[in-house]
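The chain below stands alone and is given as structure tokens, in the form predicted on its own.
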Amino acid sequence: MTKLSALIFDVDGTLAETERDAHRVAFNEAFAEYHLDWHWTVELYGELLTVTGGKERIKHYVNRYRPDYNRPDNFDAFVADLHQKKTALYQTLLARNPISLRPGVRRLLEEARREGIRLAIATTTTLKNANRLLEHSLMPEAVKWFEVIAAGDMVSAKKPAADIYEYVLKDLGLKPEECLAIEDSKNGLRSAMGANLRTLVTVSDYTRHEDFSEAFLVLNHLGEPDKPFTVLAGNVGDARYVDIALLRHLFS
């Protein structure tokens, strides 16, 4: 029997629905400050999310949607500066108007801590972004709940590459079979499975129509006692929300 030792969470779309109403907004504010005539609508941003990483997303947008844009000589440096401004604006937005955590996230994190289950994060967002979300949407000391927060450019290849999860596993000193990844996107699922991790998917606003046929379990969210989840794929018996008892049963 395999023992569940750790939960490894993605951030954007998994801990909170940050993409549409936080990251997208911050990108548009940064574009305005740089006097760019770019605007990412809700629909367009959904398409851009197939590219992981903010700097990579900007470059993809220019290549595909703005071939008319007159790039500066050092385009990479320009994109890095623009993304840095976007990150600052995003953090200000979170402090001013904290994003609510998705159903069941706080409860499961708190239960995991009580039950001695280790916690980690594997995300493509920056470390500052991950920390600010935890501080403002969970509680100021919540960053310390996680033994490892692997984020941003800590690895050479971002999701869907497995690098970020392999980094977390190495830092935790655990085998893949001892951990469960919790993701919301196809790229996240591919990344986690590339590291041989069983993966629970809670679909987000932007990812609910993606293919999660290889996931361990697919739900609309983690659920609460008064707000049960909907099972999209997998078998949880009579369970109405994800708790440590359910995860241990599924691992047995």
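What you see is a predicted model; the values in this text were computed from it and never measured. All residue numbers refer to positions in the sequence shown, first residue = 1.
The form predicted together with xylulose-1,5-bisphosphate is left out here; the points below concern that form.
None of 92-100, 138-146, 78-86, 105-113 except one has non-hydrogen atoms within 4.5 angstroms of xylulose-1,5-bisphosphate in the model of the complex; the exception is 78-86.
Only one of the listed residues (F212, Y45, Y61, W38) places a non-hydrogen atom within 4.5 angstroms of xylulose-1,5-bisphosphate in the model of the complex, and that residue is Y45. The closest heavy atom approach of L49 to xylulose-1,5-bisphosphate in the model of the complex falls within 4.5 Å. Although the partner is absent here, G223 lies well away from xylulose-1,5-bisphosphate in the model of the complex, with no heavy atom inside 4.5 Å. Interface residue remark: E17 is not counted as part of the site for xylulose-1,5-bisphosphate in the model of the complex, having no heavy atom within 4.5 Å. Although the partner is absent here, K186 sits far enough away that none of its heavy atoms falls within 4.5 Å of xylulose-1,5-bisphosphate in the model of the complex. Heavy atoms closer than or equal to 4.5 Å to xylulose-1,5-bisphosphate in the model of the complex belong, across 152-170, to one residue only: K159.
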